[in-house]
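Take a look at this single chain, the form predicted alone, given in structure tokens.
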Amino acid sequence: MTTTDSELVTTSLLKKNFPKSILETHCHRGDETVVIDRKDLLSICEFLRDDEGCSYEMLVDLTAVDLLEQNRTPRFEMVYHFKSLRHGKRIRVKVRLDEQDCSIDSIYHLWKAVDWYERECFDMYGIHFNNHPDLRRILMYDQFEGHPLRKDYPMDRQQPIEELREIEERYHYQRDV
């Protein structure tokens, strides 16, 4: 089954409203993918959420990809998956990040569900999310050195050993504000 250009409603809207921000587009099995310029992430995400033709009210997933072994530049790719319940469509938004400038704006103010996803990418890949309200490790302990999902992370690396905390302290999940 092939997708015609008329079915690529979201891609067409983005190209029309953000002509200089759209770097690449493609479609696979009806799901659109758009590669965008990093500086326009917030305005494009807000458009995807608020525009009547888009209505991507649901953030489904966010992850990062390390392209080191593919010798691609830039090295990292942020991948956002959104769903429009109203239109029954999905879109994948990708943003490329250089290893030397591995930061991107947080979309927390648009979708609160992104909180832990951004923290996971920070913890596992070392990607910094500007203006995230609580950017700290979520899976690894505080003294853990490095980012274990990076392709150049040494498999045999020894980590500092953390002393086991008292039970009350280990299960205390309230944010320090």
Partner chain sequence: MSLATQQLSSLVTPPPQGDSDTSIMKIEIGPSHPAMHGIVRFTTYLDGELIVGMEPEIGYLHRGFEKESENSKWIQVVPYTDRLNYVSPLLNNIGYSMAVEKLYGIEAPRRAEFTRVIMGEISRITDHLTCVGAASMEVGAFTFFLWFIKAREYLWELVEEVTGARLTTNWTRFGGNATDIPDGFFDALQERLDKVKDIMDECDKLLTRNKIFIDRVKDVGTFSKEDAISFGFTGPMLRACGVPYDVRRADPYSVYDEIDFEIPIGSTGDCFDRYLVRMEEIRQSISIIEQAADMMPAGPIMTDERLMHYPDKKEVYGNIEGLIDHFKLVMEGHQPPEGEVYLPTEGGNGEIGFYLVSDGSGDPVRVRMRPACFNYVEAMPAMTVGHYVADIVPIFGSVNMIGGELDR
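Residue numbers count along the first chain shown, from 1. Given the structure is predicted, the values throughout are model-derived calculations rather than measurements.
Omitted here: the form predicted in complex with its partner chain. The next part is about that form.
**Student:** At the 4.5 Å heavy atom threshold, is N130 in contact with its partner chain in the model of the complex?
**Tutor:** Heavy-atom contact with its partner chain at 4.5 Å: absent for N130.
**Student:** Taking heavy atoms and a 4.5 Å cut-off, does R38 contact its partner chain in the model of the complex?
**Tutor:** Answer no; every heavy atom of R38 is more than 4.5 Å from its partner chain in the model of the complex.
**Student:** According to a 4.5 angstroms non-hydrogen atom cut-off, is Y117 in contact with its partner chain in the model of the complex?
**Tutor:** So Y117 counts as contacting its partner chain.
**Student:** Might W111 be said to contact its partner chain in the model of the complex, defining contact as any heavy atom within 4.5 Å?
**Tutor:** Answer yes; at least one heavy atom of W111 falls within 4.5 Å of its partner chain in the model of the complex.
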